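The chain below stands alone and is given as structure tokens, in the form predicted alone.
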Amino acid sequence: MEKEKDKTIIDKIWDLFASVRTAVVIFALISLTSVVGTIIEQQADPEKNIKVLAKMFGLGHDAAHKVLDILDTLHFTDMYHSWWFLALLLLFAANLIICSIDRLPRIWKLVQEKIHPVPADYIEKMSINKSVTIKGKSAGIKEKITASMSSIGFKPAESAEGQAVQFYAEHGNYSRLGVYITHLSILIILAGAIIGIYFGYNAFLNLPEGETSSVAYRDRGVELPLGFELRCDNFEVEYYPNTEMPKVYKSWLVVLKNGQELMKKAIVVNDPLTFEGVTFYQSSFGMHPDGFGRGILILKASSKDGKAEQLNLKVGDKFTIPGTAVEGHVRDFSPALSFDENGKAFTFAEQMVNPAIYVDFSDKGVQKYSGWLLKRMPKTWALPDGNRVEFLDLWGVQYTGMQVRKDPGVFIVYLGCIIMAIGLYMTFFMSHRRVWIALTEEKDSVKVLIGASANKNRASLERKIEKMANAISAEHKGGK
């Protein structure tokens, strides 16, 4: 009690942060707030979170809106950038540092303390001990003992005093530092996370085909300069056969800086583009808000004689099949064409699910035939007269939706994870083990006394000592 009274405020603060109980409380607070941050979508449109709260807690729209306002005031809608979440991380870091500093000197002393010979009665009192008596002289079994110790991973040293001989060895003394290496890794991961939070960003970019952007966007339209320009040369969606379900969507991107092309890559889901620490992930797609009027129809017209030409047209344009007098007139376009039970065409979606063009064909002013050419149905490209018109694409009407992420702390986090793996391996799969073997001559026999200690996984060492004792005894009998 008197010691507690003599403590200064600094001592009391130190004791508070050196407490494991404090670590549990801080970690619990981080976990609980992270749960809220997982439920509430961060930096999102408020309507999304209102719907989540209304559905989860059975609230009306107005009540859910009020709850969200409270959470927004407490910074739960952007909690990973809030002062209080940073404070929790710093408190947790301080707790780890002080806990480690408080306990490390004692552990470091054990690590640095070298093994040395001990009295025989001390070996007998060890938690792991074994005694074997064999006939003969100690000189005759030294090599066998050295070999048996080596077989279980020890390199023994020898000490002799009078008629008594002792072998002793240790390994894994630095394994005691595993928990502190794990603590260090957590601090490195926290540092990387904080750097990522305050010097990186998560954003989005909807980039139409043929357009270039030098910025990405955070919530509520906040612009984030990229430091370079990104252009989308093309975007394409591949659907599963006979369905409207996307199979693959791919964006052909070009990175430009000062007007010079520095990098090209076609990205798909799980295969992003990274440039100067900024990563673009394929996440969505959609139609340009200006509609289909801005698009360019890409067709390939081929005559039955094999003459072909690629055409870039607009809806309403005319073209001629090369080497013939057959003229085509693009009358209409549908992004998602289907036919009802009466065979009448209709558009069932605004997305480019099943694009098609309606073309009239005439020969020297006389109409010959007309019909729909579907991009996903090549059999519609063959014309009755043996000519062919391929509908390759409608370019410039779709945008690629990308998540844009910059995280300068990610490599620090990776480093922390590697160090954590090392620390956890040392903590759980390695131990500080010591072994002593004392030989004492007694008339015509030698008493072999084996003692050992381990700071953890004692059972494993005990099995090895038993195996070593049996090997010494068996080899000696075999030598007889």
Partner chain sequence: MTSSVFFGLATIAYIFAMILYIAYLAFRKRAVGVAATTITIAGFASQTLALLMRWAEFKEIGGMGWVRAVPLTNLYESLIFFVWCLILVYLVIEFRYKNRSFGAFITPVAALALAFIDLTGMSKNIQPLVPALQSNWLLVHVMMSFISYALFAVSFSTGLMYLIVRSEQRNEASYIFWTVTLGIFVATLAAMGLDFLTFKVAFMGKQELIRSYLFKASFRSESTAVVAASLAATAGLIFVIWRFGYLLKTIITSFNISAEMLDELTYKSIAIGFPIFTLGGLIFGAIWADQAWGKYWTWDPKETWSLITWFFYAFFLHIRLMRGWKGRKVAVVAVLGFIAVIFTYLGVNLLLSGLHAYGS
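Positions refer to the first chain, counted from 1. Being a predicted model, the structure only gives us computed values, none of them experimental.
The form predicted in complex with its partner chain is left out here; the points below concern that form.
- Of the candidate stretches 125-133, 323-331, 278-286, 210-218, only 278-286 has residues with heavy atoms within 4.5 Å of its partner chain in the predicted complex.
- Interface membership of Thr274, defined by any non-hydrogen atom within 4.5 Å of its partner chain in the predicted complex, is ruled out.
- Interface residue remark: Tyr240 is counted as part of the site for its partner chain in the predicted complex, having a heavy atom within 4.5 Å.
- Its partner chain is not shown here, but in the predicted complex it comes within 4.5 Å of a heavy atom of Cys417.
- For the chain shown alone, Gln403 is a contact residue for its partner chain in the predicted complex, at least one non-hydrogen atom being within 4.5 angstroms.
- Using a 4.5 Å heavy atom cutoff, Ser31, Thr38 and Asn202 all lie near its partner chain in the predicted complex.
- Between its partner chain and the residues Ala421, Ala44, Leu59, Val67, the one pair within 4.5 Å by heavy atoms in the predicted complex involves Ala421.
- This chain appears without its partner; in the predicted complex, the one residue of Arg103, Lys300, Lys307, Lys318 with a heavy atom within 4.5 Å of its partner chain is Arg103.
- Residues of 182-199 that come within 4.5 Å of its partner chain in the predicted complex, judged by any heavy atom, are His183, Ile186, Gly192, Ala193 in sequence order.
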